Structure formats: structure tokens, C-alpha cells
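Just one chain is shown here, as C-alpha cells, and it is the form predicted alone.
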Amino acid sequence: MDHVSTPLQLDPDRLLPADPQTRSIARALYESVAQLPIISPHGHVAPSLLMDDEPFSDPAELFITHDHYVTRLLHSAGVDLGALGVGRSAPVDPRHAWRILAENWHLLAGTASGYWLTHELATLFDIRDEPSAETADASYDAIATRLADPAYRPRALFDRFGIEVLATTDDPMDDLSVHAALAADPTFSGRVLPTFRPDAYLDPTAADFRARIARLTEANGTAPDDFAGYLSALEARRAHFVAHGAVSADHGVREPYTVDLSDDEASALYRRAVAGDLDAAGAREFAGNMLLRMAGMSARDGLVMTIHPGVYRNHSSATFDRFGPDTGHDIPITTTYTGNLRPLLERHGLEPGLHLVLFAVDETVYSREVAPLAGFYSSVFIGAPWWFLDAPDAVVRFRSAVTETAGFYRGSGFIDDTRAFLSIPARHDMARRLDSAFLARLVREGRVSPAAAERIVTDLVDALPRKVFKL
């Protein structure tokens, strides 16, 4: 029996309510924001991608190798990550890797990855058939042909996607020369902002902590064991980022623990940390105090403070040893904010200069803690659904969990937080559809007026991210 290809489904009313009347309201709301510019104030696209503007190499490199959403699902089905070219593995034949994805396409059904990839394949590459063993080579060739077209280079796609602002994530010691070059380039009109990411300089358990501190303090002209000099060095690097357009500082901690220590107490812990004799309990206290001090710095220099906690990084030692970090084996853990953040909020929570955006991959914390905190503290904002929760049904649960307590205007707006450049429009389009659907139900139930829904759906895309991230 000859194989019959399955059409790649991209319903124009996808994610909108099934009820015809509610769907009609949702469709009108969505159409009012569908073409608005994309504001992406937190993400992980490398700025060199836009600076170099080189063609993407092949479909596997683009859609598989660096997308741990995809590779982890394939790995769970028994696919060796090495066959996909992940991390530190040896280079692989990209066509073979693409065939593996195509043969296992059914594994992505119902997942956010499957949804986004479908959007990308259909809207960017005009792929009409679902990937499968039979269609793998044809789809690979069709995508590869498009990638050779100058219209598919990063800068051209940046313009095509309608991206107005794109933030990257950067090491504090980065000289930001790429950002400076992009800003000075008259042929590039986009706004690409660095983000200060100091985790490895605040946590004594981080890899190479002592070497990083030595480099940081040397650049500042201070002794490595001088706590005041260490703080001064961090402030200097933050100022360097602000001068290059940064609007935020991001903190990817396992737990959002904070503690208020005196300068003498913190200094004693710091000296032990740089000497290499600080135990785990002391390291937790030091890192917790530094998270609190980062809030103080944000209140003074204006960098928005975002916290991304609750992930057990590199859960599989064997996978880490073979492939390295960010290869799909990071697993969510329980997160609590109310007690952990109270010292920080007691010290800085009422300061007008602080914007504190709280994210979670533990969705139980949204209604229990994040929404109530944002519903009181003017400094606290609700971060968009992140990582394992940036999927259609999870986004709907998020919206239900936070809105009745904090309303629509205590949130950050949607944030894609992705390394996958081509998925950015798919993710933002998904969020706009889901918010339109949510608001349409409230209109149908008589809980929100049509005029209010029209304003809210626009503000979620535009006004809110501008306000929260001080754009």
C-alpha cells in the first residue's frame, strides 16, 4: 500500500474557543494584535547571530541540535543524543538527524514543541506535509533550499518577524562589543539589548567561582578578598551594561532564598568563599544575601530584576559528563517565594526604583504566592509562563491562576525566553491567541466589557512589557 502523506495542519483559528460565538469575539481580539511588533525583553539568542548574519547551516542545526525541548523528548523515546549532534557530541550527518525527528514526529503531538514547529514549518518554509519517514528527505531539501536564500538570513528574518526589541543574556565580564557594533551599524535598525546575568559571580558553589571573582576584581583594581571591592566591581559591571542599553539583570537561582546580613557578616562569608573553605550552608547564606543586595543595586541603577528559580540543573550526571549543560536534563523542583523573598521585600520591596519580575516552573506557586505578592507590592510583577509552562494549556491555567487575584496589569506581558530564534514569532502568536481566547470568555460571561477586552489584549502585547522592563 502506497503511503499517503498527512497534511500539516495549521488551522487559522487554532487555540481559539470551540464555541462559535466566543470564537468570533476571540478572533476579532486576536486580529487586532496579530501584527503588532514583538517585544522580547528576555531571551537567549546570541547577539553574534545578528552581527555575523551568516546563513543557517542546515535544518537539523536550526530545529533539533540546540532545541532541548525537542531533544529531550526524542531521548525519552530511546534516541541517543549523540545521534542528534547535541552538546559535546561528535558532528553528525544533519540529514540523518532530521530523519530521526521526522520518523518520531508523532511524539511531539500535543506538545508545545510540536505546535511551534508546525507553525514554523508551515509559515516560514511552506511545508505542506507532516514530517515522516517518507517525507523526511523532501522536507529537508525544501528547508535547505530556503536557508540558502538571503531572505532567510538572521537580519532579514528579524525584520520579517517584526521584532522591535530583543534582549540577550550575557556574562557580567562580557565587553559587549557585539552589542556596541550592532547599535552603531547603520544597516541594522533593530534594538538588541544585553542582560546582566551574574549567577556564577554570586554563588560560591558555581563552577570556577574563585577564578571568576579574581577576574572581576582585577578588572576593578581591587583585591579578590575585599568584599567592598567585590561589590564595587559588580556595580561597575552593571553600569557598563546600562551604558550599552541593558534594562534588566537576570538571576537563574535554584531557590529564591534571601537573607539580610550585615556588611561584616557578609564579608566574613565572602573571604571564606574566595579562600575555598565555605561549606554548603555558608554558601547558601552568602548567595541569599547577594540576591538581596542585587535588589538594592537594581533599586538604585534601575535594572529590572528578574528571578528564574526552581530548576535542578544537569539532573543526569552521565548526560552532563558526555554532552554538557543545557542538553535537556534540567528538571523542575518546588519553588516557594513568600518566605524566601520576605527579607528582600522587607528591605527593598517598597522602593519605587525596583521592578522585580518573578517566574516559576512550579505552577502551584502562581495563585498561592506570586499573584498575592504582585497584588500588594508595587515593585513585584508576575513573570510570564516559563520553560515547561510556556505551552498552550499551561498558559491558560496560568492566566486563570493569577488574574482573579492580581488582574491583568501586574504581569510582565509574554516573554519567549528562547534560544530558538525561528520560534520567537510562533511563541508570541500563541500567547496572543490564548489571551484573546481568555478575554473572549470573560466578555461572553459578562465579566469584562468588549471595550475593556480590546484595551487589555493590546496592553498585554505592548504597554505592559514596556512598563515592566522600563522600555
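The numbering used is simple: start at 1 and walk along the sequence shown. What you see is a predicted model; the values in this text were computed from it and never measured.
The same protein also exists as the form predicted in complex with a further copy of the same chain; that form is not shown, yet it is the one meant from here on.
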Listed range touching a further copy of the same chain, judged in the predicted complex by heavy atoms within 4.5 Å, from 58 to 66, 441 to 449, 414 to 422, 28 to 36 = 441 to 449
Quick one: from D393, D277, D208, D264, grab the residue that has a heavy atom within 4.5 Å of a further copy of the same chain in the predicted complex.
-> D393
Interface check vs a further copy of the same chain in the predicted complex: of T145, T364, S189, S177, the one with a heavy atom inside 4.5 Å is T364
Using heavy atoms and a 4.5 Å limit, would one call F161 a contact residue for a further copy of the same chain in the predicted complex?
-> no
Interface membership of P94, a further copy of the same chain in the predicted complex, 4.5 Å heavy atom rule = no
May I ask you to check whether L291 falls inside a 4.5 Å heavy atom distance of a further copy of the same chain in the predicted complex?
-> no
So in the predicted complex, does V457 come within 4.5 Å of a further copy of the same chain, heavy atom to heavy atom?
-> no
Which of the residues spanning 82 to 116 lie within 4.5 Å of a further copy of the same chain in the predicted complex, based on heavy atoms?
-> H106, L107, A109, G110, T111, A112, Y115
